[in-house]
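In the form predicted alone, a lone chain appears below as structure tokens.
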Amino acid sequence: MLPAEKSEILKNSLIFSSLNEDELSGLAGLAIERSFQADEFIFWEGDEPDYFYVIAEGRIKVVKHSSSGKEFIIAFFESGEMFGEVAVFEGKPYPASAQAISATNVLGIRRRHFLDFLATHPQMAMRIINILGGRLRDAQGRLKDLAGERAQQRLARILLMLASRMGHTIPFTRQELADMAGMTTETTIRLTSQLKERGIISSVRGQLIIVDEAKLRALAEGPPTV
């Protein structure tokens, strides 16, 4: 990948969009390109945080595994988004694993190089703090959902969150939706079937399509019906 292409990828990322051309060029010079196939892990929970990453193309999911091997999806990221940065800034092992959902290319920046860069760009540190604060609020909202909401309402919220980022066609399996919602696959299959019967969603070639967003939103925001 040419340096100009790296600069363009970084420029399209929210966190680096305010940098000027010289700053982008300097940051691009620190970035290495890596490619991953679907299901391949970028890093594992407990690994040393040598790099954080910006996605050039593709999608990744961040997952935790229970002692029994159960997978729970914490978040997913797409082109232009950054991941792995929390462990890098804390200097502690990655708290979760990152796995490619599809063929994915990323730019990786080594921890010590980026910290040197931040020392001369304090405005970048403030932008990172704001982004991490937003992610913390999202995580707290997810925990509230898991603790206090019924299964159907929780699934509706997950589908709305995915739709806000990806549009009405959702390319995730029932298993992946179950992992995001903290439910069993069987429960997710039953609930998605109910949503299909009510004309709220449909499915084609393994993808879910939101047909009636208004009804789905009412289900997510109102009292659960099951």
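Quick note: we count residues from 1 along the sequence shown, nothing fancier. Bear in mind that the values here come from a model prediction, so they are computed numbers and not experimental data.
FYI, the form predicted in complex with the DNA isn't displayed, but the following is about it.
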Partner-facing stretch of 48-56, 155-163, 23-31, 196-204, counted where any non-hydrogen atom is within 4.5 angstroms of the DNA in the predicted bound form: 196-204
Taking the shortest heavy atom distance, is M183 within 4.5 Å of the DNA in the predicted bound form? yes
Would you check, heavy atoms only and a 4.5 Å threshold, whether I189 touches the DNA in the predicted bound form? yes
Just checking whether R150 would be counted as a contact of the DNA in the predicted bound form - the rule being heavy atoms within 4.5 angstroms. yes
How about R174 - does it come within 4.5 Å of the DNA in the predicted bound form, if we only consider non-hydrogen atoms? yes
